[in-house]
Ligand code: ADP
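Heads up, the chain below is alone and in the form predicted alone; it's given as structure tokens.
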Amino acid sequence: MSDAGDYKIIWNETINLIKKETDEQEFLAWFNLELQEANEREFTVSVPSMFYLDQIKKRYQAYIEGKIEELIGKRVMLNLVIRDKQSETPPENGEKSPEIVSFPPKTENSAPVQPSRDPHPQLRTDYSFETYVVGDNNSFAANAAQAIARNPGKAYNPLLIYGGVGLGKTHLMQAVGNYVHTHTDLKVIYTSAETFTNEFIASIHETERSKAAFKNKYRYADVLLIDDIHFLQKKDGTQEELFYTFNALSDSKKQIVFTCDRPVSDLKDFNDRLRSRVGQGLNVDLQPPNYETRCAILKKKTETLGIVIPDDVIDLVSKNISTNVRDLEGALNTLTAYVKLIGKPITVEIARQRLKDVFASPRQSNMSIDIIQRVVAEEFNLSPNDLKGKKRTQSIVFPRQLAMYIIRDITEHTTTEIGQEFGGKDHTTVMHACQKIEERLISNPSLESTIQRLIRNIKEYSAKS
């Protein structure tokens, strides 16, 4: 067989066989594959990103090759390439280069592309897949969001995106909304949990007609995006309303996307039924970006702003700011303002001078848990082993909680990682400790000065180490 059309027929039949044998969500999420060229020995197939390529190789390459063999009676090799992207030289340290998401074109199952529409009034136009930089820290979440945008209500419903401040949760959520709004006639609603709460409270005191209008606004959405659902903790009435809204949308196969600053299992005073509904979908987390991803974010941002920042300056910023995307962009905005106001190019020395306070921040110093435990223990005439032990006397419990709170505040360690450093305690213990200190700060404002003094001591200790 040598005709290109014959190979296309074989490929289409292979995909049809796979579709029959796999779950619908699995098929929609992973088999966004396009045949580029083929011969009797090799089929070259394109995928939308490096993450897809790695996952297809690990999970499905042998399976797909087997299906082709069933059809033509001979073994062929599947050659995977990234769609619409030229090969890049890998970094010297061997890590994969981050990439800008090149959102895949419409597939057989996608909603039809509609004429261009006006921007969505609730969404930022710059929050798109094209401007979202993908690295190891967020590749799974980004690809899940793309699958949802192509097939809202079918692939992964609901989706919960969780992670710390400034890691891109809202960007990714709104990218889903922007894509659906641009490419379909579906009704997209974006709101924050705080706004949803305020509207619900206002509706309680209104007429029955106004109450119905509030319910209908959210229950007749095709895609509902709700930001920061951790805000709903202790708000029982709002949680109940969201539960019924969730059920109405889920029953109608409508897409729901939430963001949160932690896993839903870590939320306190949260409706168990709502927690179960959110947890039954796909929950994906965002981690702080690695060095390569930080460089890519800064380079992409400078292109968007139309300014020139030398590579050695980008390297300096990327090495000294490791917390989140928001901090990176804040540093870049500082440098951009300098360029525009002073009219001089940025050098490494100028960048170091303008960002010295940011670089010196405790949050950027990656201080070890061991140092923090040592400083806090010395403050209360204890040993680090006392903090790591199982004793629950008040003279030990409070310093232990304080140490956990400070670690959570000035480092990027997860609650699970922190718990392991305190004798293998559960992450819920760490969350409880942080909440206890927050409560004490409200009742005893002077505790804040103690915490700040401890952080200064920790910073000085770290500088000497």
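Note that residue numbering follows the sequence shown and begins at 1. Note that this is a predicted model, so its numbers are computed, not measured.
The form predicted in complex with ligand ADP is left out here; the points below concern that form.
Among Lys301, Arg374, His183, Arg219, the residue placing a heavy atom within 4.5 Å of ligand ADP in the predicted complex is Lys301. Comment: ligand ADP is not present in this chain, but in the predicted complex one of Phe214, Tyr127, Tyr156, Tyr338 has a heavy atom within 4.5 Å of it, namely Tyr127. The closest heavy atom approach of Pro288 to ligand ADP in the predicted complex falls outside 4.5 Å.
Not displayed here, ligand ADP is approached by Arg326 to within 4.5 Å at the level of heavy atoms in the predicted complex. Looking at Lys169, you'd find a heavy atom of it within 4.5 angstroms of ligand ADP in the predicted complex. For Pro384, no non-hydrogen atom is located within 4.5 Å of ligand ADP in the predicted complex, even though that partner is not displayed. Remark: of stretches 170-178, 277-285, 375-383, 349-357, the one touching ligand ADP in the predicted complex is 170-178 (heavy atom within 4.5 Å). Residues Tyr127, Thr131, Tyr132, Val133 are the members of 120-134 with a non-hydrogen atom no more than 4.5 angstroms from ligand ADP in the predicted complex.
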